[in-house]
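Encoded as structure tokens, the following chain is the form predicted alone, with no partner shown.
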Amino acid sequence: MGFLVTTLIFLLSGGVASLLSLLCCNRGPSTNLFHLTLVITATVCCWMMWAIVYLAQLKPLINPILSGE
């Protein structure tokens, strides 16, 4: 449940950031496309970093070694 909810939050924040970049930085079609590409790339990179950390904590590759004492 947490993975899906946070993914939707990233999608919504990426959409809002894309709309704000189009509204605030309207300087022509090629510049708008460049800004939109940067915002989408940054959103996807942040989501991938979060997803990797989340999944690594969910199922770690190395199990902790507990002492017998």
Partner chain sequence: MAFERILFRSTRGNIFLRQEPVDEHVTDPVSGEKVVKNAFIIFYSGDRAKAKILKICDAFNANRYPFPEDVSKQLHTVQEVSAKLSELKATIDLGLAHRGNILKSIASEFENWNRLANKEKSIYHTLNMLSVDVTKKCLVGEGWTPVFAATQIQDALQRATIDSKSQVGSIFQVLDTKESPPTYFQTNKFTLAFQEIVDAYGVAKYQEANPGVFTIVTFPFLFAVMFGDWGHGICLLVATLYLIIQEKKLASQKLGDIMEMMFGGRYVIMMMSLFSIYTGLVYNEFFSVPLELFGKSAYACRDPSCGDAATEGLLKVRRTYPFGVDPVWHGSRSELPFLNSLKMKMSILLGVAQMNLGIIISYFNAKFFRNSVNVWYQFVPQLIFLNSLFGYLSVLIIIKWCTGAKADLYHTMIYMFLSPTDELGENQLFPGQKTVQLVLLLLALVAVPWMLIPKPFFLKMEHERRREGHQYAMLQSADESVVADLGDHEDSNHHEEFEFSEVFVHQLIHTIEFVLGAVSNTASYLRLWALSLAHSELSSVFYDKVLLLTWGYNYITIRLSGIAIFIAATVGVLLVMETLSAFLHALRLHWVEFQNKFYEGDGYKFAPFSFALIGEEED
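Please read all numbers here as calculations on a predicted model, not as lab measurements. Positions refer to the first chain, counted from 1. We call the rigid core whatever largest set of C-alpha positions still superposes within 1.5 Å between the two forms.
Not pictured, yet referred to below: the form predicted in complex with its partner chain.
In the model of the complex, its partner chain sits within 4.5 Å of a heavy atom of Thr41.
Proximity of Ser13 to its partner chain in the model of the complex falls outside the 4.5 Å heavy atom cutoff. When contacts are judged by a 4.5 Å heavy atom cut-off, Cys25 does not count as touching its partner chain in the model of the complex. In the model of the complex, its partner chain lies within 4.5 Å of some heavy atom of Leu55. Residue Phe34 is the sole member of 15-34 found to place a heavy atom within 4.5 Å of its partner chain in the model of the complex. Once both forms are fitted on their core, a CA shift of 2 Å or more is seen for Pro60 between this form and the one not shown.
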